[in-house]
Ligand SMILES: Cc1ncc(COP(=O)(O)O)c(C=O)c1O
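Before any questions on how it binds or moves, here is one chain, the form predicted alone, in structure tokens.
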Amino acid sequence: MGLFPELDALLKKRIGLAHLPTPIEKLERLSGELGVTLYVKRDDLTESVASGNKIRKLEYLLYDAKEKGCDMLITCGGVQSNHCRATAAIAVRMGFACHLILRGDEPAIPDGNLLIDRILGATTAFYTREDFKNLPEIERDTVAMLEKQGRRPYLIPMGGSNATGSLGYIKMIEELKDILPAFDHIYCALGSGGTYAGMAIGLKHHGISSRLRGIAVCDDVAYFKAEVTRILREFDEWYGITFPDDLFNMDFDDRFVGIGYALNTPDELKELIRIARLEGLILDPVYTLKTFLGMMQQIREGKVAKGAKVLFIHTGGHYGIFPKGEEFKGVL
């Protein structure tokens, strides 16, 4: 039993969808280059079509949707959203319909994640970046529209990042608790905050002393502090589990967003290629590449002691590579 007994019962309310536990692999050459002992948690291997970190969250969100008698999933994200693709895949698998609210222009020819969404039969609605700022209103209108059509929709927030979805990464920490000595540092991407929030709670719940570090791939430190705080508040409001305000040291770095969310410089893509050819590890250009670059920079800056044991969480996203073929042409 962990530090928060109420969590243990809550963590059982899931549908097994992912192939777990995911493996942990040592990166020998990068360990030597950086002067640490570097490992990667291969959450890109959680599934095939629904690969990545989102399926861990969907195990709990789908349980909740079924308990509430819903028959359709609604979620949102960018045109190339990994979360939307995973949701579309799991919807089909579990007998749900799926509707996606997408930020950006509809391309003439779908590729990457959007192509998979279409193959899976998800319906889509596209909104400009300006319109997307009114996402809560769009979500309310979409739910109302689908209810009028006789659907029983279940709304999943962006990235699956609420208290229910975060249970997936509290559960993931169970896969680390028997590894001794514990990792000194754990790195993950900050995209919507739910993965970090779940891991932070999980580490405390299981008494693991690893320092969790989040690298922002969009927005800034203030945004992610607010998002993680919101998720912690939801645990109190929805499940009656109160976490002390001073329990979590939110260790965020927003210096590696670069030229913008889902945008890459040639130098970033060159590093993706270098890491791939050094370790056979393919990172995705939106999330894990920027997080990995941030981690390496922090190590070089001395924020991580030489010889430390470091774990990088590979949250998937490989389908995001394919729409960037033209960008890669200039650096390959």
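Keep in mind it's a predicted model, so treat the numbers as computed, not measured. Residue indices: 1-based, along the sequence shown.
Separately, the form predicted in complex with the named molecule exists; it is not shown, and the next lines address it.
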Exercise. Pick from 168, 77, 193, 153: which residue has any heavy atom within 4.5 angstroms of the named molecule in the model of the complex?
Worked result: 193
Exercise. Counting only non-hydrogen atoms and a 4.5 angstroms cut-off, does residue 164 reach the named molecule in the model of the complex?
Worked result: no
Problem set entry | Contact flag, residue 56 vs the named molecule in the model of the complex, heavy atom cut 4.5 Å | no
Exercise. Is residue 122 close enough to the named molecule in the model of the complex to count, meaning some heavy atom within 4.5 Å?
Worked result: no
Exercise. Does the named molecule come within 4.5 Å of any heavy atom of residue 189 in the model of the complex?
Worked result: yes
For this session: Would you point out which of 194-202, 123-131, 143-151, 251-259 contains residues with a non-hydrogen atom within 4.5 Å of the named molecule in the model of the complex?
Result: 194-202
Exercise. For 113-134: residues with a non-hydrogen atom within 4.5 angstroms of the named molecule in the model of the complex?
Worked result: none
